[in-house]
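Below sits a lone chain in structure tokens, taken as the form predicted on its own.
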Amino acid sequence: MTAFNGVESAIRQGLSILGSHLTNMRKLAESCEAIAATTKKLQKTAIVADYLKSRTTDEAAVSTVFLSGRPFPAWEETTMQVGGSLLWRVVAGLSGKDESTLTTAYRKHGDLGAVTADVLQERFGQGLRILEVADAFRQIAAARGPAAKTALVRDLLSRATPLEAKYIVKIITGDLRIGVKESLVEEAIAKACGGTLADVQRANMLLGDIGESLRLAVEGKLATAKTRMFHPLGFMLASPIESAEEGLSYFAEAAVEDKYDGIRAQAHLSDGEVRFFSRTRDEITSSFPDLPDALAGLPQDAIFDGEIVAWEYPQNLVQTQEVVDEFFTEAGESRAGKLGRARPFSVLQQRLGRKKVSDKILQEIPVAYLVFDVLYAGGELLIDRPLQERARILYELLATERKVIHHRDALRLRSGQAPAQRNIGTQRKLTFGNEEEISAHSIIRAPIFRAASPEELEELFTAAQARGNEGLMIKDLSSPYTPGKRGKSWLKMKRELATLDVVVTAVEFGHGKRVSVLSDYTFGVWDGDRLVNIGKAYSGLTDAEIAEMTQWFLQHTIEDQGFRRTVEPKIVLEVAFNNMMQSDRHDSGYALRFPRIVRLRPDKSAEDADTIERAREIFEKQNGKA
């Protein structure tokens, strides 16, 4: 009897330990399920806050990163390099399910994490600790080659309960989808750990590490957070306006700039190192190796905001020794011709995503970085200062160092004239035909105009479009820089290049709440008597319109390819877009940038849709050939 009691006690102790073990990663997964089950923001915040209070500081710090939908803090460059196909194979192997079963599950859930929980079986002894998962993520990231990564992922998921595996997969894919944004996690940290929400947000913005922000909140040291160089801050966003009158209705004093059609980029400079980051906070320096040297000579750390554009130098350059002594440009002046002009985005696109940019590309597609704001300089964060003060600091920083080409003396005569002192000495040179070489390193302070009336603003808008730019940016001179926020301090005034009437040729099921409806439309224009695809869009229609169209497409399917269907070419859409590019992505030879559905056109038959000739006409007009 004593022996039996001893065995029973050992079993109970083991089960108790196992239960404690399971309440770690499983507790996070269960909290995620509870968060997903409610639509109320306050309730979601309370669930996260209560969960964080129940964990150790180390566990809570890691959990905040996971709840933000990523495996590692935002500032880190670490990536797991684990794609959906690898996860699909691992889940298939662990579950023993065939492809048809997995596909059916995916059609049901529209989410690989949910599929994982659906097809895996729970076994005795499964369960992971949060810190154990974090360590496994780093091992997977450090592993080289798909075989090594596959083995580590399989081992991790095999030790997880199905519910834990669901959220492990979601975190790996960056597709948490439980209605929690990082901003909500920030609110939960303030609620659970102390400190104001504003202090938590600012610390996280500067550090790019929400887990570290939690640690500072626990210690009462949020105010000690410092700017982390080479961690991109959020970009301030602009609100669209419909007219010149509206553009001058929100604030008394405005700075007006051209709206360039390029890549929004932050430039970080520290100790001679320069790196560029896109609006998605991805590093893009490798696509523009001709830019960093032009800023590397600045003696102090700085963070700039600007636009990278493909740049066309003028054929007839005008020599000028004039110094820019004011950061405002008179509205009536035409200085852009002396500088050159931006080329279409389709030209710049040829440089994007390349690990190595060839000398040929560097010669054929020179770029410029048009700087319009400074967020950090001389060891001080400047975002709380008004735009007028930041503009003055930017001007003085660039002008004093004499390292940057300004818009009044950007280029010099090609007839043997030496580059101005504002050009960097160690620059790559480009040859344009038989003419003399000019510097390709163009760091340009974007020209700023003023407008006192809608008529003047309309005049500036027309001039900006004539220079090949999208339109205007109108900015409140008294406004601070608010990362990641869109308000009425920055406005954007642009008009669509054109619209096309197109015919839907194929449809796909959506994601998330649209997983059961056909919401992604591929469409084409006429090339003779056949339709050639020119784009794909999934935004612009209401839920009711999508539901109605889903029923129509289901009844008029030509070929059911599972997730995708080719359909009878009868539905006409009017689509808008930012510009048109030559591309082999579609059989038309063109692709639309940022296409969106303006409206259904039931008043038009498929035969009334636009033609490839119309698309070509728009492309040539956009590129100044019409």
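Each form is matched to the other, and the largest set of C-alpha atoms that superpose within 1.5 Å is called the rigid core. Because the structure is a prediction, the values reported are computed rather than measured. Each residue number is its position in the shown sequence, starting from 1.
If you look for the form predicted together with the DNA, you will not find it shown, but the lines that follow are about it.
This chain is displayed without the DNA, yet in the predicted complex the stretch 271-279 from 455-463, 151-159, 208-216, 271-279 comes within 4.5 Å of it by heavy atoms. For the residues Gly379, Gly96, Gly220, Gly145, the 4.5 Å heavy atom test against the DNA in the predicted complex is passed only by Gly145. Among the residues Lys53, Arg585, Arg601, Lys27, the one placing a heavy atom within 4.5 Å of the DNA in the predicted complex is Arg585. Under a 4.5 angstroms non-hydrogen atom cutoff, the DNA in the predicted complex lacks Arg392 among its neighbouring residues. Contact check for Gly540: a heavy atom falls within 4.5 Å of the DNA in the predicted complex. The DNA in the predicted complex is not approached by Ile558, whose heavy atoms all lie more than 4.5 angstroms from it. The DNA is not drawn, but in the predicted complex it has a heavy atom within 4.5 Å of Asp261. Using a 4.5 angstroms heavy atom cutoff to the DNA in the predicted complex, none of Pro289, Arg450 and Ser478 count as contacting. In the predicted complex, the residues of 510-526 lying within 4.5 Å of the DNA by at least one heavy atom are, in order, Gly510, His511, Gly512, Lys513, Arg514, Ser519, Asp520. Residue displacement note: Arg530 has its CA displaced by under 2 Å between this form and the one not shown (rigid core superposed). After superposing the rigid core, the Cα of Ser358 is displaced by 2 Å or more between this form and the one not shown. Relative to the superposed core, Thr280 undergoes a Cα shift of 2 Å or more between this form and the one not shown.
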